[in-house]
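In the block that follows, a single chain appears as structure tokens, in the form predicted alone.
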Amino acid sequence: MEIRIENLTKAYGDFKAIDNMNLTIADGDLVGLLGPSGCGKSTTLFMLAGLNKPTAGRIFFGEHEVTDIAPEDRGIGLVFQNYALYPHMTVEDNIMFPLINRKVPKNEARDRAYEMAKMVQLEGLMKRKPKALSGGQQQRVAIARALVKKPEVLLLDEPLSNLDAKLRVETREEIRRIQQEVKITTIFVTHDQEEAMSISDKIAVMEKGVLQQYEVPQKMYLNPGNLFVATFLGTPQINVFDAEVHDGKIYCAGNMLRSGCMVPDGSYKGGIRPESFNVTLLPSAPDAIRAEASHVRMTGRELQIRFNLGANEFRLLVHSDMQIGVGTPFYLTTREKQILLFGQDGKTVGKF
């Protein structure tokens, strides 16, 4: 089911929670609505679900406009952040509940519930109550309950936020497996960029009610449309610095980082990701910049090193077997096509 959002706006008095949003989600895609708290992502999801009424704009599921259609008539499955399971019911009864509500015969409802339970790998837990399940198992019950109605759209609101880090990784992969198996158009809300990037076909990044960029995760990471998207994606965060361009060369605090830059001379914000430096302990190129580690942190397979160029602090990543400690001098160059330049309006003007 293709989903099309046209000029969608949600206002509360003078405040626009969603401001003129346009978005098309292809049939069968899993799309992450990503952004910081308060950016409007859950408001968007609830308008898609029919729980919030738009102030303006239209929503289409396929060729049918659903803007004014009741939630129960939209053909959606909705999973809330807190799962909303009935504590007094067994797993079996929780999954069957939407079907019993629709007067589906009990035997048919049970068969469909067990079919869903097998898909989400809960067959052996059907007689348990929710309190006897782990967080990840409860999440899968909620997904099975949403899917048992055979909806055409699945909506997930912060589905993993109540799980610990290890379980979050396992469960997000499980969500992706289930979604691909049933081939259902899925939209999930998250503030976790790693979560969104790992399982989404596309990501929609939002800030202050405005859609900033909609793209395939890798393309968005490598080619952010503006400074907000660049800083929101990536751990550690992209290095942002004061850049000057003169005669086709990019400088930071008097250090030449790149030549062959085809933008007008002037002041810009520059961006370079921590993994985009070449680092050696001895000068390996005539244009290598000498720096000194002010902070070194071991993260396992990598060292995260901080250094300064003028008033600009940078982070870079190198393999953990590199012998660099606090105060160690080293030499660096930047990899080709890895320096982003942003104009005064925050929009990306090029990558060099």
Partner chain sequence: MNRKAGNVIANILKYGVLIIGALFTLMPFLWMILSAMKTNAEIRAIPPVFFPSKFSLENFTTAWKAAPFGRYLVNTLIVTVFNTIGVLITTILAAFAFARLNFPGKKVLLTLLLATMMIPSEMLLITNFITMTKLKWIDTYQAMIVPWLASVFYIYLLTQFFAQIPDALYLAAKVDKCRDFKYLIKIMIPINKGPITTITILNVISNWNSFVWPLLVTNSREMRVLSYGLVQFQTEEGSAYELIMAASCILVIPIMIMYLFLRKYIIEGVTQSGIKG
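Numbering follows the first chain given and starts at 1. Keep in mind it's a predicted model, so treat the numbers as computed, not measured.
The form predicted in complex with its partner chain is left out here; the points below concern that form.
J.: Counting any non-hydrogen atom inside 4.5 Å, which residue from Ser259, Asn82, Gln218, Ser134 sits next to its partner chain in the predicted complex?
T.: Contact check passes for Asn82.
J.: Ok, Gly270, Gly209, Pro274, Pro98: which has a heavy atom sitting within 4.5 Å of its partner chain in the predicted complex?
T.: Flagged contact: Pro98.
J.: For the chain shown here without its partner, which stretch in 237-245, 189-197, 71-79, 119-127 has non-hydrogen atoms within 4.5 angstroms of its partner chain in the predicted complex?
T.: Result of the contact check: 71-79.
J.: Decide if the three candidate residues Met89, Arg102 and Lys149 all line its partner chain in the predicted complex, where lining means a heavy atom within 4.5 Å.
T.: Yes, because Met89, Arg102 and Lys149 each have a heavy atom that approaches its partner chain to within 4.5 Å in the predicted complex.
J.: Just to confirm, Ala285 within 4.5 Å of its partner chain in the predicted complex by heavy atoms?
T.: Ala285: no contact with its partner chain in the predicted complex.
J.: Hey, in the predicted complex, is Phe314 touching its partner chain, heavy atoms inside 4.5 Å?
T.: Phe314: no, not in contact with its partner chain in the predicted complex.
J.: Taking its partner chain as it sits in the predicted complex, is Met298 in contact with it (heavy atom to heavy atom, 4.5 Å or less)?
T.: Outside the cut-off, so no.
J.: Does any heavy atom of Arg140 come within 4.5 Å of a heavy atom of its partner chain in the predicted complex?
T.: No, Arg140 is distant from the partner.
J.: Judged by heavy atom distances of 4.5 Å or less, which residues of 32-50 approach its partner chain in the predicted complex?
T.: Residue within 4.5 Å: Phe46 only.
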